[in-house]
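Heads up, the chain below is alone and in the form predicted alone; it's given as structure tokens.
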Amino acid sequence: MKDSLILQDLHATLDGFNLKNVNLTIPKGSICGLVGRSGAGKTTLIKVINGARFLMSGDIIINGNTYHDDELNIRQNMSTVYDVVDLNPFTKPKGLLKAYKNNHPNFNEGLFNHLKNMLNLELNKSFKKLSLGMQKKVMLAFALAVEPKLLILDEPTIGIDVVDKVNIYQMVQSYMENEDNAVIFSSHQVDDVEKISDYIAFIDQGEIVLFENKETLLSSYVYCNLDKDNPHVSLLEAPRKTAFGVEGIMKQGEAQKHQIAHQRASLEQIFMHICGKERS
């Protein structure tokens, strides 16, 4: 099985939010950046991938298995760190460690101890007394220590300082040394996603509106700032008016064909113009 995750014609309603016609294939050995504004559906999609089946249709295939056929195998080989740690606030990481050791057959205590030292984790304080950043680091260490085949990180760098952010990137890259593994890295911070991802998925209003190899995507578009009367304004995708004219992204081939002044588009510019436009 060459793909870690396959979503086919997925429709779901969860907590009043609708996911619509989601199709996504993430190969093994790759990191997929899931990018969307707050409320676009990132966390809802992650919950559905994790088995929250509410008014759902379509297929979820994880490492060749479906929840119907082998849910235990899926859960033993997938870890998720959500944007908010949803645990009893009086729980201590030290107690959680015992639970992980007893309930996760793949739990690697040696790896956990390595990550504990690397991230300076505090295990003796309750989660209530830990900062958001420390809570996330603790849960990430647990998630990696079960040695999953699919690792899902929902807004992992919010509340994390610059030094720990670099450490997290290094941890994910070490995890990806196993080419059977894959990561979904969800964020609305486009710069973070651009640094670490192999594939990019834009989600907007519950739909995947773009999925592409990162390098292919970045080489496909250019950024242009044109006078409002320029005859090539119509070639801009999702143009925006500015004080100086009209800005937008354009297919690189069109810009070269018409000799239009341009610069390489950043992932943030592509995201802004694709997901920032009005959609019916």
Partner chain sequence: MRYFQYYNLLRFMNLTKQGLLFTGIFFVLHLIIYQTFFTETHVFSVTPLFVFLFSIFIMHLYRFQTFHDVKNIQYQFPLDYRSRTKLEFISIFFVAIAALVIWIIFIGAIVLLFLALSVFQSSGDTPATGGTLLELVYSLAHHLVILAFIFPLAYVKRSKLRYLIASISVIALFIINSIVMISAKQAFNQLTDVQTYTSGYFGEVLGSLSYAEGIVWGYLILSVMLVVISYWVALKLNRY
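All of these numbers come straight from a predicted model, not from anything done at the bench. Numbering follows the first chain given and starts at 1.
The form predicted in complex with the partner chain is left out here; the points below concern that form.
Asker: Let me test this: is every residue among 191, 221 and 242 within 4.5 Å of the partner chain in the model of the complex, going by heavy atom positions?
Answerer: Heavy-atom distance to the partner chain in the model of the complex: none of the three under 4.5 Å.
Asker: Can you check whether residue 133 is within 4.5 Å of the partner chain in the model of the complex, heavy atom basis?
Answerer: Residue 133 lies outside the contact set for the partner chain.
Asker: Using a 4.5 Å heavy atom cut-off, state whether residue 86 contacts the partner chain in the model of the complex.
Answerer: Contact check for residue 86: yes, within 4.5 Å of the partner chain in the model of the complex.
Asker: Does any heavy atom of residue 149 come within 4.5 Å of a heavy atom of the partner chain in the model of the complex?
Answerer: Close contact is absent here: in the model of the complex, residue 149 is far from the partner chain, nothing within 4.5 Å, heavy atoms only.
Asker: If we define contact as a non-hydrogen atom of the residue within 4.5 angstroms of the partner, is residue 126 a contact of the partner chain in the model of the complex?
Answerer: Output for residue 126 is no: heavy atoms all beyond 4.5 Å of the partner chain.
Asker: Going by heavy atom distances of 4.5 angstroms or less, which of 160, 172, 139, 119 would be at the interface with the partner chain in the model of the complex?
Answerer: Only one option qualifies, and that one is 139.
Asker: Of 176, 96, 196, 115, which one comes within 4.5 Å of the partner chain in the model of the complex, counting heavy atoms only?
Answerer: Checked against the cut-off, the match is 96.
Asker: Choose from 73 to 81, 179 to 187, 162 to 170, 197 to 205 the stretch whose residues reach within 4.5 Å of the partner chain in the model of the complex, heavy atoms counted.
Answerer: Stretch with heavy atoms near the partner: 73 to 81.
Asker: Need the contact residues for 91 to 108: heavy atom within 4.5 Å of the partner chain in the model of the complex, sequence order, or none if there are none.
Answerer: 91, 95, 96, 99, 100, 102, 103, 104, 105 sit within 4.5 Å of the partner.
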